[in-house]
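There is one chain below, alone, in structure tokens, taken in the form predicted on its own.
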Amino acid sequence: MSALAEILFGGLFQGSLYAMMAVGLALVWTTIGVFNFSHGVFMMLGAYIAWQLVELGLPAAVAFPVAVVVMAGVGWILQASVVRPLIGRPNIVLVVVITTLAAGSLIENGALTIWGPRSKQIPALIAGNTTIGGVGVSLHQIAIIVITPLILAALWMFLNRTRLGLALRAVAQNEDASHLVGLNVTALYGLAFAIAASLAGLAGIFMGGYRFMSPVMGSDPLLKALIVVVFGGISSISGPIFAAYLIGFFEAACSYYFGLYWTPALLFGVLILTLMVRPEGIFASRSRGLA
């Protein structure tokens, strides 16, 4: 029973973090058609901004939402400065990879200069620990498992039930038609980056509440998010969500039975086999769109 509980809890927890990161990557790709390789840095920066606000005396209940809003602004600015000027170029995908990597390196080193290399930690969402099925877990991790589906459901409602969300979906499906009907495609590109950055920043706050923070804390989550979106299918946001939890459970089971050393190798092995059978991803839709 304890083994099953540990795998289930670990899968839900890891899957929640992966889903928060992967949805932002998928949102930017489906809307603009580029990969944002500064996405992991957004995660780090959100955590550090939240930590700084708490250090300045703001309660966590205020600091965390403010940090998420600030990260939305950071995402908008990055899109306007290093992505928007390149839209329309034939080699935009490769060039944006380079520019976002450069921007991420600049932000990462800026964080190192401002906050230093010493590890930091922000307050947990809920302090304390409990036992579930014989496994000791923190209330902070339980809160993440509960909150993440609510956030993803709210994002789905936004994309499917609001005019702004439907406009984003229209741009994702057909940019030229969106121009013809009068949509402000440039502003919607910025909105996609802002949402992605805020989700990444929130994931950073989640992680910073149970693990020590560092300026390079976003590198591994970025890699995992890339695996998730490739595994699940980059043509929608629902595919990466399902894939995030599937990979979370797979990693939890492999870590329990084979150890942390073998888990990455097994994960990449399954990813390669999956892409050989279904290159577009196991949950890929037939057309690109924010569904």
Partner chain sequence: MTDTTSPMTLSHAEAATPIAPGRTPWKQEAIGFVLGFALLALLPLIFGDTYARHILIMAFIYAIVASNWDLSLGYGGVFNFGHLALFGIGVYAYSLLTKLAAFDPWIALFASGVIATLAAILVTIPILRLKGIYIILVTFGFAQLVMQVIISQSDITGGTQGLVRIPGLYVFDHNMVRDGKSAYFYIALALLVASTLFLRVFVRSRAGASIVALRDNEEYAISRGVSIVRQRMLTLAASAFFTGIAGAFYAAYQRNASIDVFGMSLATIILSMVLLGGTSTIYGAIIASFVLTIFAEWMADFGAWRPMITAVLIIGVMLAYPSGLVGMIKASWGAVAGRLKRPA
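Remember, predicted model here, so these are calculated numbers, not experimental data. Residue numbers count along the first chain shown, from 1.
There is another form of this protein, the form predicted in complex with the partner chain, and it is not shown here; the text below is about that form.
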*Can any non-hydrogen atom of P90 be found within 4.5 angstroms of the partner chain in the predicted bound form?*
yes
_Considering non-hydrogen atoms and a 4.5 Å limit, does the partner chain approach F35 in the predicted bound form?_
yes
*asked:* Check W262 for me: does it contact the partner chain in the predicted bound form (non-hydrogen atoms, 4.5 angstroms)?
replied: yes
*asked:* Considering non-hydrogen atoms and a 4.5 Å limit, does the partner chain approach L223 in the predicted bound form?
replied: yes
*Decide if the three candidate residues N129, V137 and I151 all line the partner chain in the predicted bound form, where lining means a heavy atom within 4.5 Å.*
no
*Have a look at 189 to 197, 106 to 114, 161 to 169, 202 to 210 and name the one stretch with heavy atoms inside 4.5 Å of the partner chain in the predicted bound form.*
106 to 114
*asked:* If the cut-off is 4.5 angstroms on heavy atoms, which of these, V95, I142, L125, L183, is the one near the partner chain in the predicted bound form?
replied: V95
*asked:* I need to confirm a contact call. Of V28, I247, I234, A63, which residue comes within 4.5 Å of the partner chain in the predicted bound form, counting heavy atoms only?
replied: I234
